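Okay, here we've got a single chain as structure tokens, the form predicted on its own, with questions on binding and movement later.
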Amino acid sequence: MSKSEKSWEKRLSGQIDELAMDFVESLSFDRRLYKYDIVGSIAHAEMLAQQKLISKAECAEIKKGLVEISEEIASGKFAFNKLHEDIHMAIEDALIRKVGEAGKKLHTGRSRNDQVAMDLRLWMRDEIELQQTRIGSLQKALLKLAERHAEDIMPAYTHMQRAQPVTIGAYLLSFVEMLARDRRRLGHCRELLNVCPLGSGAVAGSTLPLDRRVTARQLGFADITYNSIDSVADRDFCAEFLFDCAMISAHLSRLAEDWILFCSTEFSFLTIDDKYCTSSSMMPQKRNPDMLELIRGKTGRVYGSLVGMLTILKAQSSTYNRDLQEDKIHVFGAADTIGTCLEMATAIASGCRFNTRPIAGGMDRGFLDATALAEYLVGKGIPFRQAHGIVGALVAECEKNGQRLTDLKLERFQAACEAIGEDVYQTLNPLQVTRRYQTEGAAGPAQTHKQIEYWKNFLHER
């Protein structure tokens, strides 16, 4: 291939337009696929040799040339030229320059359509494992923090209003559980994408006797795709990967939102290491949780990638269209964003501390023990709906008089419901409430310790 020649150039007349060349190229972003393109090309060459479509000597030349190209790219010595459009043609052109005629035979029975579909699947398999490792690191950081606060309590919120007392450990483990779902979703995505499209050609397969299963096995795929028309245009796995990234981002954003509030003077629940804060260019007292705010803000990028991918897919005529070149921009962008956000969240979680004294000092606000009081009445034989009304009226009275439920005399309790006895006060302290939780998975100290042991064992096995 000459320096100015494209793989398809002889079909068209006229000079290559500079504007069109810049518009159509993807080499600027798909070059990160080079390892997978080379690995796939080596597997393809070995299959061609096995099927006697090229000689063993030619296969050896091709493999040697591809390995050298890989080393050149890794070391930064490879000269990329946008004229080649994409990583596939950049590598093929370099190979032909190195080994001559043998290099020209590599593309036998192969199209860039099935080639890029394979490269992207190979890349995503590795990327998923990397993201799962990052998720595991964040889970472990949160678990360590939860273990430190397995018995310390804090208010839980619904509708941003104080609801019931919980352990700080249980609160932190709620994010460990969210992340576990993210990890499983990624695993399912990897399982679905782990099929090999190579050999599907441009759309209809090939008249040459290619052995697709040999190539698939060599590349570690679980199976091959079974319809060449679907194979070259299928990007369902990209959309699923992006949805998984969007869910990870949603969970990280929820964590960030909580902790931004918890760091405020109004809450003072949490202190983040100075390394992960900034100050103000004008106000010298400021200590801003900018890293958390950026984790929250970058969610928009990931959501945008998902919507962008779905929009590409929704109007694709059968089968391959150049629109699909844009898939990598969305997939790579989301993967990069999620990777950095997971790493930053792990660093923040590893270096923060919950301010247990101020939190405990404010636990008497918000009637956190009201639900437990209603359930105490249920234990005395009062129907829950009636118990709910009794406690609601007592709360309203206390709120009006600036009292807590614990401030009420026994006589006042018994005036509201004669079933109430002196043991009622064992129910009214928020710490006592958490110790009385009985249901599996509840947010009390006993359940928190059990959950910590479960997650320690679970994450140790991963």
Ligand code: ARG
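No experiment lies behind these values; they were computed from the predicted model shown. All residue numbers refer to positions in the sequence shown, first residue = 1.
There is another form of this protein, the form predicted in complex with the named molecule, and it is not shown here; the text below is about that form.
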Query raised in the report: S26: heavy atom within 4.5 Å of the named molecule in the predicted complex?
Result: yes
Query raised in the report: Taking 4.5 angstroms as the cut-off for heavy atoms, does R112 touch the named molecule in the predicted complex?
Result: yes
Query raised in the report: Does the 4.5 Å heavy atom contact test between K140 and the named molecule in the predicted complex come out positive?
Result: no
**Report entry** 4.5 Å heavy atom contact, D37 and the named molecule in the predicted complex
**Finding:** no
Report task. Taking 4.5 Å between heavy atoms as the contact cutoff, choose which of H159, K275, R322, K77 touches the named molecule in the predicted complex. Result -> R322
Query raised in the report: Can you pick the one in H88, R121, R212, H330 that has a heavy atom within 4.5 Å of the named molecule in the predicted complex?
Result: H88
Report task. Quick one: find which of 390 to 398, 60 to 68, 26 to 34, 416 to 424 has residues within 4.5 Å of the named molecule in the predicted complex by heavy atom distance. Result -> 26 to 34
